[in-house]
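For reference, the chain that follows is the form predicted alone, supplied as structure tokens.
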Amino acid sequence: MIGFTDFPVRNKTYAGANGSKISVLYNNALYMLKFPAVPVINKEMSYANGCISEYLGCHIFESIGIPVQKTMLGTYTKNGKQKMVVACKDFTAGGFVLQDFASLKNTIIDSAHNGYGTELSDIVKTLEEQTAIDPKLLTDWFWDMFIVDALIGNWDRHNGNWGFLYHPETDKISLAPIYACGSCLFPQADAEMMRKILDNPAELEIRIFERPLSGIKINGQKIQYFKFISSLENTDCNKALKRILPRIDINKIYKIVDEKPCISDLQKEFYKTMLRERKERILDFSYQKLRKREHSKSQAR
């Protein structure tokens, strides 16, 4: 765990509602330090586990081969109190400006909703009609991200926390690395809740099939990951499932969890259980169902 307290603080500021944030200079690079947020749902916790969730979520994306913000866990002491923080390397160096997907969505003049509306049909319309980035590249990126978010149980992937890097001088725009994974892996679950979920199959199933929901909506209702993916109704989602699932190495993910000494044994058991169960019962199940359907179609020809 790196102690960030004595590193120079910079004046760059960061938006977002998930905890306090400051910028520090570490090894001649700018990092955003994210502090743990006060829990909204579980009032019994002093602070949520969002820093751990951010670290694990980003490193899981990285293990699957998806470009992601570099993150480290560390500590920061203020007024005599030491807190765990997650340090996120600032990827806007070199004059780049981070533009979120909501700002791109606002360029679709006849869209029925504003940039931050997460109705899937509106998002798909933007993916197809925007002209800044190749539509197929952007569509694949969105659905690849959706599949990994299903694995890690991300309930807050909205239009404001993924996007693009824009360079004002060259007018070039490219996909930004994945960032903002602090709402995955049940950050407001304390030790008591983790033990309860691990010991009760019914509680575990709720966290696989019913919770969390995606931040994306259909007809105003948030998408249930299992129901949506296993329905096989969205062709682009099916293609992403086929691309991403073979790249998920559960043993590599276990190693990411196990190698952090600041995570308790109970937390490690909980995270690994949730990741294994969500992979097997959402992604593996849907993949096998898709393979069977494709095989049946090929046999019928």
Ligand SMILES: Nc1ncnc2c1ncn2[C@@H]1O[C@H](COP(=O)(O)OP(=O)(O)O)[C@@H](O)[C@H]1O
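Numbering starts at 1 and runs along the sequence shown. Small disclaimer: the values here were computed from a predicted structure and weren't measured.
Note that the form predicted together with this ligand isn't included here; everything after this is about it.
- At a distance of at most 4.5 angstroms from this ligand in the predicted complex, all three residues Gly16, Lys21 and Lys34 contribute at least one non-hydrogen atom.
- The listed set Asp122, Asp190, Asp90, Asp140 contains one residue whose heavy atoms approach this ligand in the predicted complex to within 4.5 Å, identified as Asp90.
- Of the listed positions (Thr126, Ser214, Asn161, Thr118), a single one reaches within 4.5 angstroms of this ligand by any non-hydrogen atom in the predicted complex, namely Asn161.
- Heavy atoms within 4.5 Å of this ligand in the predicted complex map, among the stretches 172-180, 127-135, 202-210, 216-224, onto 172-180 alone.
- Proximity of Gln69 to this ligand in the predicted complex: non-hydrogen atoms within 4.5 Å are present.
- Using a 4.5 angstroms limit between non-hydrogen atoms, Ile108 is distant from this ligand in the predicted complex.
- This ligand is not shown here, and in the predicted complex it never comes within 4.5 Å of any heavy atom of Met84.
- Heavy atoms of Met145 never reach within 4.5 Å of this ligand in the predicted complex, leaving it off the interface.
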